[in-house]
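Take a look at this one chain, the form predicted on its own, written out in structure tokens.
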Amino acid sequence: MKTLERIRQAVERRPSELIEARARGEKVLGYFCCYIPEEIIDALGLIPVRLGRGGDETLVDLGARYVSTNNCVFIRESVGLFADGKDPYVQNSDFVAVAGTCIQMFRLSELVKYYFKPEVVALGVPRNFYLPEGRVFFRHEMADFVRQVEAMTGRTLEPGRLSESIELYRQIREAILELYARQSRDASPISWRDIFDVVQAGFYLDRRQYLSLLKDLLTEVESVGETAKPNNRPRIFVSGSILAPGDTKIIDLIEQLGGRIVVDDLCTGLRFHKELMVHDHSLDGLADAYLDRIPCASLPCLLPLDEDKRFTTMVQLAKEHRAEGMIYHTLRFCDPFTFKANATMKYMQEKLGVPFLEIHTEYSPSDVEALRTRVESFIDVIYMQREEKEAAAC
């Protein structure tokens, strides 16, 4: 589609645009984790860029010179990005922000600050996010985050600018959710992978230009939607650890073996945008919205699980997008997602009865063939379940 190509070209141009912007005196804040509030970065007149990549074993090995190999490969590659110094978004980040959703992410902020010397601000995320005390803590953390960024940049957060930024991001999220809904239809001119790439393009592009491109894409999808052919491939829900830009191993295997991803709850995908609703255009209102979003698996589960928004949202998404199976992907040493894999499997099978496959991997190609066999068998199971349902209906 023409707009998808325009988005790809815009991403290719973006590093040079950042160089030009910085030459004009603008500042770039690179950040890790979707709990960092882009609305605040934008309202302060800074350029937000989400950092981090995956799938590069060389950068993982480079990062391992600075951090234990018992840390997850995403953290090791993220450190490797700074050690290598060639990533254009790391190169052009004047400041770095990290949200401490897990202990490894907090460790990342310490390592980057100690070894590579950028100005770093950390945002604490409460473990007891569901209690009033957790809400008070996070409001204070958000206010402190603003104070630190103001001190680093010499700028002041103005309520009017914050409200404008909140509205901008509301429109972006609304457009992304509509695109997710459209790609999962039986006949759609765009795929989940297209939309996943579009979401990640939004990590880098000027956000106002990005919104304009999203609107153009929605218009184009609507105009050609009726000509699309039905897609009857097995409908798969992808969940689990971060799938960072560049980490396409699991996606490639699913598509090569005839599967069709229709939904995800990844922090680099749908969860980045879903269920983040700012009702009060104030700093406290923004903090509450980020705390009330679908929680990361690094945060404790609520018990019973029927009260945990992460689990109930998975069921909701699977139903809305008519997923026939779930592939739960965990990175090696990503303990929060790994430890919750069994509970996730039991909950999804209890609520929906769909096939479930846990894949535990890292950024090495050495396990591709073993994973290929498992994914192929998983897709065969979905086909068998289809046949059983069709036979039972006759």
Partner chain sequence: MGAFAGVDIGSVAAKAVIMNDRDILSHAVVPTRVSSERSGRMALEQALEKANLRSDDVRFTVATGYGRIVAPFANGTTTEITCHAMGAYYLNPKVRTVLDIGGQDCKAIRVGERGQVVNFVLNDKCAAGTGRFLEVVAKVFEVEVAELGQLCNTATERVPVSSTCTIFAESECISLMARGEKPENIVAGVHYSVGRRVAGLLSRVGVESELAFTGGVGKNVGMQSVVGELLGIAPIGLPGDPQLVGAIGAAIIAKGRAARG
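None of these values were measured; they are calculated from a predicted model. Positions refer to the first chain, counted from 1.
As for the form predicted together with the partner chain, it is not shown, yet the points below apply to it.
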For this session: Decide whether T373 counts as a contact residue for the partner chain in the predicted bound form under a heavy atom distance cut-off of 4.5 Å.
Result: yes
For this session: Look up in the predicted bound form whether K351 has a non-hydrogen atom within 4.5 angstroms of the partner chain, and give yes or no.
Result: no
Exercise. Can any non-hydrogen atom of E20 be found within 4.5 angstroms of the partner chain in the predicted bound form?
Worked result: no
For this session: Would you please decide whether R53 lies within 4.5 angstroms of the partner chain in the predicted bound form, comparing each non-hydrogen atom pair?
Result: no
Exercise. In the predicted bound form, which of 53 to 61, 35 to 43, 22 to 30, 352 to 360 comes within 4.5 Å of the partner chain (heavy atoms)?
Worked result: 352 to 360
Problem set entry | Residues within stretch 2 to 19 having a non-hydrogen atom within 4.5 Å of the partner chain in the predicted bound form | none
